[in-house]
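Below sits a lone chain in structure tokens, taken as the form predicted on its own.
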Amino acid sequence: MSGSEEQRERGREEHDELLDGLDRPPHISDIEPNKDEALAKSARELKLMDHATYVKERLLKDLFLLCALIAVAAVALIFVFTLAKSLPVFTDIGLGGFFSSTWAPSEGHYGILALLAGSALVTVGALVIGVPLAVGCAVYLTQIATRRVTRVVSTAVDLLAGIPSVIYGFFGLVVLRPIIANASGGLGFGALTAWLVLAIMIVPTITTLSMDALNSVDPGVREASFSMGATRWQTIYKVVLPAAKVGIVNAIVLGMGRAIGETMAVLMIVGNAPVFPHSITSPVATLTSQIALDMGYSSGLHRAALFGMGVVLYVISAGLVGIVRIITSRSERREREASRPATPVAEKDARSVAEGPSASDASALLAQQSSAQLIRSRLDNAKKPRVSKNATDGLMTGVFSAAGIVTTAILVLIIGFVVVNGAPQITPNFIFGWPRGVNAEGGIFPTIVSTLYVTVLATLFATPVAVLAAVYLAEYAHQGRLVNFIRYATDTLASVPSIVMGLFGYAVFVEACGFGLSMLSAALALALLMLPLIMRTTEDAIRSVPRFIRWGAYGLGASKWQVVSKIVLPAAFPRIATGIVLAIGRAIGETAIVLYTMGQAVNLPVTPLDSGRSMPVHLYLLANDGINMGAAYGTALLLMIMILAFNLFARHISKRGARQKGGK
């Protein structure tokens, strides 16, 4: 052996002794969130670490996975417990009797076909009214309106999304119902009133998601269309909307799920007559409204049939989520296939991008020419308008502008109605006093305390689990079937109707766990409601943190958890806090869940096992009984102020975080 070989061998031995007990440093390709194959084989290959650090990292990863699986377990348990409670439907009633046309529990008839027809009628009508308004508003805000107008109207849309459903139902009951009653000569209860209220309720969901889809369209496509002489309407109709159609369809499907699952607003205005609808102004009933109406006094087969309705609603919600995911996955697959080189010549052109500036410029020029030809063909193949294109452009611009104006006007109308009627009721005695008589007089202080108590408790349950689950999905998980299933379960949990969540909470926390009607039962059920919202916003916030920040930390020798806890989470905190605040606002306004898990007793809760009455439930009971409408208006105003305050606070956190990020 020569001297140089002996020197190299000695150097290798010294290097091995130096790294004894440690692992090799990673290649830069290993340091990728969700794609670190080294972590899949052995977490010790992720970075230089000793055995104790490796064990700690592995345990943390397992903990995060466990938190993510809670969403899967929740979805499975909701289905299993609801199905178990509905087993007499299959054994005693039979599927034929369950899907028959007569619902008369006192006579032994448990057919839900008329209720299904009522749900379908109410949902389709709401979509017919709400979808054009929502999509038109989204087009106006993203393609036509100025930046200042966009901020104002988008704020209105966000505030509409934050108004509790019981306030929508209250507005429909005391404002829309009398108008429809005078016009039709009836009582005003029926599908038409429900159409108007549900259309207003689904507008924020469809508008927000459609705006995201429209904003994702490459601005260069619009500019290319304008440069070829297309008007704004031609660009919107022939270029932008086709490019964003998948996202818009997903928004409509999710809006449909919201309409199908709505409970309290529909219960207050639909009339609750379990018969096939004769007209749009005659009373009808839906699956959700019938469950809420009968659950308080049902037993035996009657209660089993109500849980069977819950199973039907669950299957519908899960099916809609599945449709959305299939549409999205197919669209992404088509985009990936379209981006691949189709021929050897194209593959050669794609490789030439990395070979030099001239080749890259030539490929870019070819791509621009291809896009220009596509836009030109779409414009040339369009039907020739009977009127001038400038007139059409002005007309459609006016239509979209009207959609934005109507959305803002609806918000002003609802808020103004509640403020005008509720402001005279807001006194110190009303806020800090106790109810008197049949709980319709006096103050509402116990309901305020109960609402805040159960919301804080639910937040404490949901936030740690949701944040750690999001950390797993964004930082530790490998893309595959397990992750896809977790995300599907999370989306399904978010879409489960609140009345089904209430049934599950009653079956599990109130009865099976023995917690009774209490703050604890309601908080656990509300935590399941908050979990998917916090998970989704936290995951998006973590993914928005630039990857090069992680690479720098890994290069300095930080472990995975050190990077996540010291760098990623602090950087994403403003958006995480926004999601938590929005979830709190959603929990404060929830009615159906707390109605069946907390109860209706007017108590001042001290321990988690105490019962109480929340503000939404109190408003519902006051409005339904009609004994003291002044107290109902005052309760609605206080509840709306609380919700809007949380939503505005969330927007403030988001804007402040964006400013700090921009400043850095």
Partner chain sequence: MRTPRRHRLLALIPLVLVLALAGCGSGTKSTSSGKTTITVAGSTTVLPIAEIAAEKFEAKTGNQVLVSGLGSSAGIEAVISGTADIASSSRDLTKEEASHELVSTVIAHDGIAIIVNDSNPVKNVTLDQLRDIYAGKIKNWKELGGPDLAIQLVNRDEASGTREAFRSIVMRGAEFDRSAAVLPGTGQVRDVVSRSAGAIGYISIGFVKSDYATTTVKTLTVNGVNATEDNVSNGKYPISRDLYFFTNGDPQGVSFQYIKFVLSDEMTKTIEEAGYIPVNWDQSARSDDSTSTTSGGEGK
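Numbering follows the first chain given and starts at 1. As the structure is a prediction and not an experimental result, all values here were calculated from the model.
Beyond the structure shown, there is the form predicted together with its partner chain, which is absent from this document and is the topic of what follows.
**Student:** Tell me whether E107, G186 and L457, taken together, all sit within 4.5 Å of its partner chain in the model of the complex, counting heavy atoms only.
**Tutor:** Spot residues vs its partner chain: full contact, yes.
**Student:** Which of these residues, Y554, F81, F515, F98, gets a heavy atom within 4.5 Å of its partner chain in the model of the complex?
**Tutor:** So the residue touching its partner chain in the model of the complex, by this definition, is F515.
**Student:** Tell me, out of R586, R303, R222, R575, which residue has a non-hydrogen atom within 4.5 angstroms of its partner chain in the model of the complex.
**Tutor:** Among R586, R303, R222, R575, a heavy atom within 4.5 Å of its partner chain in the model of the complex occurs only for R303.
**Student:** For the interface check, one of 269 to 277, 251 to 259, 485 to 493, 306 to 314 should have non-hydrogen atoms within 4.5 Å of its partner chain in the model of the complex; which one?
**Tutor:** Within 4.5 Å of the partner lies stretch 269 to 277.
**Student:** Does at least one non-hydrogen atom of F445 fall within 4.5 angstroms of its partner chain in the model of the complex?
**Tutor:** So F445 does not count as contacting its partner chain.
**Student:** Give a yes/no on whether T150 approaches its partner chain to within 4.5 Å in the model of the complex, heavy atoms considered.
**Tutor:** T150: no, not in contact with its partner chain in the model of the complex.
**Student:** Consider F400 of the chain shown here, and say whether it contacts its partner chain in the model of the complex, taking contact as heavy atoms within 4.5 Å.
**Tutor:** Although its partner chain is absent here, F400 would stay clear of it in the model of the complex, with no heavy atoms inside 4.5 Å.
**Student:** In the model of the complex, does S299 come within 4.5 Å of its partner chain, counting heavy atoms only?
**Tutor:** Judged by the heavy-atom cut-off of 4.5 Å, S299 is in contact with its partner chain in the model of the complex.
**Student:** What are the residues of 611 to 649, in order along the chain, with a heavy atom within 4.5 Å of its partner chain in the model of the complex?
**Tutor:** Counting only heavy atoms within 4.5 Å of its partner chain in the model of the complex, the contacting residues of 611 to 649 are S611, R613, Y620, L621, A623, N624, D625, G626, I627.
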